[in-house]
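In structure tokens, the next block holds one chain alone, the form predicted alone.
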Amino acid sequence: MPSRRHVLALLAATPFATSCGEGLPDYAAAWRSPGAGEADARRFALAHAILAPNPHNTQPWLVELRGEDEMLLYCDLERRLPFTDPLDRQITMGCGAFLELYRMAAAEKGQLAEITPFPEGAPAGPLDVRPIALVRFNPVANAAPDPLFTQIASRRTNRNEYDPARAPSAAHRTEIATASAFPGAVHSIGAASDDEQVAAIRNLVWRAFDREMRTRGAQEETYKWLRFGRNERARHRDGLYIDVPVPGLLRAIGMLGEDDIVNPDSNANKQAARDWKRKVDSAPAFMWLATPDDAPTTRLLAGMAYARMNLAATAAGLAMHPWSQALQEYAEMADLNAEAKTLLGVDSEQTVQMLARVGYADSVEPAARRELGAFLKP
């Protein structure tokens, strides 16, 4: 394996180290003036909905536009995370976030989006080929615009280091919690900003992150969604972007391959662990969302609530980043999942649907998104 010094020397000698291939799609095009020029209000709403937060940026949405006023939402079953999300809880939340942004964008056009979850029945286990939701527009209701709509194109999942000395104010935490509410919501919001509880959550978050790095199945699943360098990001327009120069060269010399990335003791993962540990330790506050049960419709509602939390944080000038490894349901995480409930003061019958750090951080680029047509069901 080449040394770090050797690799850096190779990169320094490579004139195209930061170049991006010409003619590749614009990974961020969807974020600029979404829905501009769309005459069909459903396509306008769809252009905003695809900007929703979702696990691993898999963008697991398929849409069927039916008649003149209906939309059916399906899960793209090829974009699930079956190892780390075996119940499809997180994927379903991502679909809920999609629906909430769709609803907001519809309201901008004066359309009340009437959402019927699982119109052909909810699955008893993981998601299947049946639709997740039916959305019907009702122009007669003339829905009022949602003030959070203006934040959709600015919303980010911010994975930078946060300012550990600058926690969000109690007023801002209240604003986020209040914004998460909507008719039919069943969740509760918790928050921690005092030093002792924040330190305990940081510790839990780090142990869960380290556990996942040492669980081969989880690492193999994540590897499939890593996009190394600008060209891969532009080609795929999904997944988790890793900003590295000339990934082809790095692979050629034995770095960035799957065996290297899934090995927790590789040089790449040791460096990644040090970087992520700094990010964990920088968290000044956490917020979480819990529900009384974990039914499929409850998961959808939780995703809608989290989307609103993220948008409200954006409006307040705050960064937000889900840190959910400890909440995942695969066997290797079971003890930390139970510990999370105790630490967050959640009853055993309840489900913690989301745990996120909140604070102030340098801005980040938008995550990649595919083009609108990629989400239309054939």
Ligand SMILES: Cc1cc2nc3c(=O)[nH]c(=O)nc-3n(C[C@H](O)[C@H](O)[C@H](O)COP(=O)(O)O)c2cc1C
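Predicted model only: the values in this text are computed from it and were never measured. Each residue number is its position in the shown sequence, starting from 1.
Absent from the display: the form predicted together with this ligand. The rest refers to it.
Under a 4.5 angstroms non-hydrogen atom cutoff, this ligand in the predicted complex has residue 93 among its neighbouring residues. With a 4.5 Å cutoff on heavy atoms, residue 157 counts as touching this ligand in the predicted complex. Contact annotation for residue 200: none of its heavy atoms lies within 4.5 Å of this ligand in the predicted complex. The closest heavy atom approach of residue 35 to this ligand in the predicted complex falls outside 4.5 Å. Heavy atoms within 4.5 Å of this ligand in the predicted complex belong, among the stretches 64 to 72, 335 to 343, 46 to 54, 311 to 319, to residues of 46 to 54. The single contact residue among 107, 295, 153, 240, judged by any heavy atom lying within 4.5 Å of this ligand in the predicted complex, is 240.
Using a 4.5 Å cut-off on any heavy atom, the one residue of 26 to 40 that reaches this ligand in the predicted complex is 31.
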